[in-house]
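What follows is a single chain, given as structure tokens, in the form predicted alone.
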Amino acid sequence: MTTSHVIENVSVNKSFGGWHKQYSHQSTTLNCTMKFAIYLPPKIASGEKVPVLYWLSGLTCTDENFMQKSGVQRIAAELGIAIVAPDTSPRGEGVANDDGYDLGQGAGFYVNATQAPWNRHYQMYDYVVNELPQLIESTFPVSDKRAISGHSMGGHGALTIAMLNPERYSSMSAFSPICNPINAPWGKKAFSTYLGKDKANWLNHDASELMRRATQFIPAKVDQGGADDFLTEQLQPETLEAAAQANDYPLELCIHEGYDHSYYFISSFIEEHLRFHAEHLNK
């Protein structure tokens, strides 16, 4: 077991016959101590390995928001799916930060930073794609069948990571994703800081751009609240829909009138997302 695979259990809670557990470990990719949460469904008691849904959270969140607010454990227990929720960025003393909520700690944007001082720690893309799954699959009774989902900044991360690695994920979904970050204030601020001023380096981290030029398709589900305060300026789901239509990409996108950007919205539709992923994980 390598140093990066030495993990420490922080908390354990029984839930719907399974177990919610939080761990910390020293990440060699991010050069800091990271936390993640995992829900293991009761099916693991049979000795059978279960597939994993990776959940990426949004700005200012940690591994705790989704696990505590979404109600995902009930459906995951029924379907026999493990849920893994990493933190949203590197953290700790010596990790670069910013006074704004939308940059720095809590706002990693799931990219590999190339610009100093961010590039020393902010390698969230490599962490989510490589280090974390290797740790999970070598430590817990899970298979290498993976799906990925997320919310807002994490929705952006889930869609872009899946489309850049279509062989690794059976399906992808998102709630309220930042669909066109190269043209959204959140994305412009983060990408110019982490990736530099050359916008050509931003294109591989824009879901609309990736969907428009994709040659390998992954089943995709996106839900968006129609009363979301960030809908027009930051999220721009119409750009993702246009890209899917231009490329015949298998995207199911639904606008839900009256719903906002909160976990009240996510908890209302998370069961549909898990059943969507279960269908593709079981193929």
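The structure presented is a predicted model; accordingly, all values stated were derived computationally and were not measured. When you see a residue number, it is the position in the sequence shown, counting from 1.
Just so it is clear, the following notes concern the form predicted in complex with a further copy of the same chain, a form of the same protein that is not shown.
Only one of R74, R213, R120, K199 lies close to a further copy of the same chain in the predicted bound form, with a heavy atom inside 4.5 Å, and it is R74. Contact with a further copy of the same chain in the predicted bound form, defined as a heavy atom within 4.5 Å, holds for exactly one of M67, L30, C61, L240, namely M67. Under a 4.5 angstroms non-hydrogen atom cutoff, a further copy of the same chain in the predicted bound form has E257 among its neighbouring residues. For S262, a non-hydrogen atom is located within 4.5 Å of a further copy of the same chain in the predicted bound form, even though that partner is not displayed. When a further copy of the same chain is considered in the predicted bound form, H20 lines it closely, a heavy atom lying within 4.5 Å. In the predicted bound form, a further copy of the same chain sits within 4.5 Å of a heavy atom belonging to N13.
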